[in-house]
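Okay, here we've got a single chain as structure tokens, the form predicted on its own, with questions on binding and movement later.
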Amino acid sequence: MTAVVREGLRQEVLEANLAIPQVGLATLTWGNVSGVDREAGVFVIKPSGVPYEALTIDDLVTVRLSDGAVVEGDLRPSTDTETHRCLYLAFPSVGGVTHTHSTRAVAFAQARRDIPVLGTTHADTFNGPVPVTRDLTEEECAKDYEYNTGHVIVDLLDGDDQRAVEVPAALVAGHGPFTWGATARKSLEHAIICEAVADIALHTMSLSPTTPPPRHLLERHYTRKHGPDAYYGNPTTPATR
């Protein structure tokens, strides 16, 4: 079966995957990006273990959203495919998912600590801490591990799509960050920001254990970029800092 996905999706997913090593978020092949076409009922994802420098648009794998079956592509999809699928099924607002093993975010995941909100740089994107999940149980690791990895993220956010919009990232305990957004490109942007705020938090905490700025300041920074009264950026340019 050949799936017909919306125009530009495969190119967007390719470019987002190729950007992972370019922005310093990956060692070897440790990372993947996907993008969903909900009308077609499929998503497109990086194949498993293919080096970024060798990745082409023809290598990308198209997976059916309902059951995880491969409907287009000659290679195996990423081993994290079922986690991506779980997030798409749980959160209707999600159009793209990124997973990396970026150093500082992974450090927080391995320490089983949220990335705290310590300033406005964090609050510009995340309306609260980047949370860490519980550990997966032995049973969850033994069967359907990757899908259960998605489930612990969904459980962490109480399956609340609005929470997923306001904090488009989570750390899987002992594993690493998953980020998402309205598009594959946006999910990658959130991965970049997640790593940046993890780095800033580590530096801040090494200088001084601190409490965050006043909540009204953090809310101001979040709402000026998000929601009905947002005024950051211009309509024809991406809202990047």
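All residue numbers refer to positions in the sequence shown, first residue = 1. Keep in mind it's a predicted model, so treat the numbers as computed, not measured.
Keep in mind that the form predicted in complex with another copy of the chain is missing from the display, and what follows is about it.
Leu217 belongs to the set of residues with a heavy atom inside 4.5 Å of another copy of the chain in the model of the complex. Using a 4.5 angstroms limit between non-hydrogen atoms, Leu75 touches another copy of the chain in the model of the complex. Proximity of Thr183 to another copy of the chain in the model of the complex falls outside the 4.5 Å heavy atom cutoff. At the 4.5 Å threshold, heavy atoms of Ile57 stay clear of another copy of the chain in the model of the complex, well away from it. Shown here without another copy of the chain, the chain has His101, Thr103, Arg104, Val106, Ala107, Phe108, Gln110, Ala111, Arg112, Arg113, Leu118, Gly119, Thr120, Thr121, Asp124 in 95 to 133 lying with a heavy atom within 4.5 Å of that partner in the model of the complex.
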